[in-house]
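Here's a solo chain for you in structure tokens, the form predicted alone.
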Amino acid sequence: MVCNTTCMNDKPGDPGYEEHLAAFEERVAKGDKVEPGDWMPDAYRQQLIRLIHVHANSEICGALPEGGWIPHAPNLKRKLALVAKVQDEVGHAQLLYRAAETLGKPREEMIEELISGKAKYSNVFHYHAETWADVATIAWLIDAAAIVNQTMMAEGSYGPYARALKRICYEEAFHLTHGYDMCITLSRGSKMQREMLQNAVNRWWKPIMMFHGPADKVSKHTELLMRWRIKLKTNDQQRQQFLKQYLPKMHALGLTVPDEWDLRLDESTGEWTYREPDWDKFLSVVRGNGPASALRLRTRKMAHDEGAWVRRALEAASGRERVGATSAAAVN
């Protein structure tokens, strides 16, 4: 059965729903990709819209803390690299909005929900980038946490999202290398530079520990996302992967984690133990109560308003093209 945005039998209780659901889950369990025209449960569609919308918003807002440092980059090489990275992040957002549109939600509606404060974006972008070392830390450790998430999601069940993530992950790998290089440079620099980097890590460690979302025992969405292979690893599994992969690299640069986290390696399991983040604080931040939340939305709204003339010009040009095509068809 083909449906482009909604189906008459995609909700529990609809005629034939259980049969369609069983066939859908059998396909997903085999690793098949779900495409926009395929039958899918409405709950699957809504979970994907929620997830992709938040991801797209995060790419847009994630460009803002780093973008503010472009004029203050220490040299031309760093400035050019940062400009390219910010441009990539905005491009990622456009890919993701397009993937969400295939599920029936218009891009204009998603952007309006972002700038009005209705839609969420990643917790890490609700904080200020106070120094150049913050830019380095974001580019290395936050992008590293993002890659842990995105490489996993790129193997997920929804085709358009998975394909968009494949491309995004290629570019994020360059971003991570760029950030790692900056952190290496700062860690080998003067005492002031080393302290600046450690202070940045201290500030960002709480947002980083919360990045992959609430602990599995309190997460509302993980079970369903795993069942339908939208996600292939739980939030806690992703957090462990990040810690195992990047803590040794941090220690090699002489960086430490604040003592308050009581971060320890359990030799018997190979897992890292830590003080559980404050998930109520996490929810408050993503709902728009973070230190930089108001600034992010003001900046985003200003850019949207100032770019209105470009959208109008594109719409006018598109209208002229349609009229021209119609006239040419009539003549022929």
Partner chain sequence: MKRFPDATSIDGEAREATIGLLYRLADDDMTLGHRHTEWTGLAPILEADIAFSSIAQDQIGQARAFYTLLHELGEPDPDALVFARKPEDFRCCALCTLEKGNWAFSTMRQFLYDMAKQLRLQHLAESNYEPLAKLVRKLRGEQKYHVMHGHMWISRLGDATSESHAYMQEALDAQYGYALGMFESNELTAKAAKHGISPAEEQLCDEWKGQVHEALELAGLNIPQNATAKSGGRIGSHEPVFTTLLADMRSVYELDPAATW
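Numbering follows the first chain given and starts at 1. Quantities reported herein were computed from a predicted structural model and do not represent experimental measurements.
We do not show the form predicted together with the partner chain, though everything after this point is about it.
Contact with the partner chain in the model of the complex, judged as any non-hydrogen atom within 4.5 angstroms, is confined among 22-30, 296-304, 270-278, 44-52 to 296-304. For the marked spot (80, 87 and 310), a heavy atom within 4.5 Å of the partner chain in the model of the complex is present in each of the three residues.
Interface membership of residue 97, defined by any non-hydrogen atom within 4.5 Å of the partner chain in the model of the complex, is confirmed. Proximity of residue 202 to the partner chain in the model of the complex falls outside the 4.5 Å heavy atom cutoff. The partner chain is not drawn, but in the model of the complex it has a heavy atom within 4.5 Å of residue 60.
The closest non-hydrogen atom of residue 186 lies within 4.5 Å of the partner chain in the model of the complex. Screening 232, 144, 196, 162 for any heavy atom within 4.5 Å of the partner chain in the model of the complex leaves a single hit, 196.
A heavy atom within 4.5 Å of the partner chain in the model of the complex is found for exactly one of 258, 74, 106, 117: 74.
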